[in-house]
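Below sits a lone chain in structure tokens, taken as the form predicted alone.
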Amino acid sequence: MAVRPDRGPTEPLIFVLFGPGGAGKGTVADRLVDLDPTLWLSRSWTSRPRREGEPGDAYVFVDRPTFMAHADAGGFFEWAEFLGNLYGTPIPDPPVGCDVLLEIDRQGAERVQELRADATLILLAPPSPEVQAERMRQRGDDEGHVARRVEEGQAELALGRPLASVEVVNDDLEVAVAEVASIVEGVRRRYPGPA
């Protein structure tokens, strides 16, 4: 895994959890930070409206002008447009002693890798397109959106695999969370720092 061996004593590690919609990134990320108080989740910004039933803290929900003003001010680590909506990762500012977890898409992961070659990129994949589609339906996505995201998701996985440090298939939530937690701990053992 590409992590700088000369990491300073207060410099956090960056873990990037990326993958297509319906892979379960948000659920896995939330479980990880619940289990590990030294892992800080950076909440992404989006210009899309909040889905019915979606937690208010799933993203920082803003309108397009507010998003673009923040981007113009250099407030994002990376940002991109996806299916007509803007998504961005704010510049990480974790509490002292914490490492950073970013939950983003493949475009964002590519940008993070360009800026921070030491980041550990973890591709989270759904077990099948059918499971991916059902997960998106369960969260309230309409059929047209589901069809576009499943098609896009297959391309995302194909492009994401060469980019990733490791791939985890989210077939069973507890197993997937344990696998990602093990990856985090393995990197921390190799490159100890603030956490």
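This is a predicted model, so every value here is computed, not measured. The first residue of the shown sequence is 1; numbering continues from there.
Only in words, not in the display: the form predicted together with a small molecule, which the text now covers.
Student: If you check in the model of the complex, is Ala80 within 4.5 Å of the small molecule, heavy atoms only?
Tutor: It does: once the small molecule is placed as it appears in the model of the complex, Ala80 has a heavy atom within 4.5 Å of it.
Student: Against the small molecule in the model of the complex, would Ile104 count as a contact residue? Criterion: heavy atoms within 4.5 Å.
Tutor: Answer yes; at least one heavy atom of Ile104 falls within 4.5 Å of the small molecule in the model of the complex.
Student: My question is simply whether Tyr59 lines the interface with the small molecule in the model of the complex - judged by any non-hydrogen atom within 4.5 Å.
Tutor: Yes - in the model of the complex, heavy atoms of Tyr59 and the small molecule come within 4.5 Å of each other.
Student: Flag Arg51 as yes or no: does it have a non-hydrogen atom within 4.5 angstroms of any non-hydrogen atom of the small molecule in the model of the complex?
Tutor: Taking the distances in the model of the complex, the answer for Arg51 is yes, it comes within 4.5 Å of the small molecule.
Student: Residues in which of 42-50, 163-171, 123-131, 29-37 have heavy atoms within 4.5 Å of the small molecule in the model of the complex?
Tutor: Only one stretch qualifies here: 42-50.
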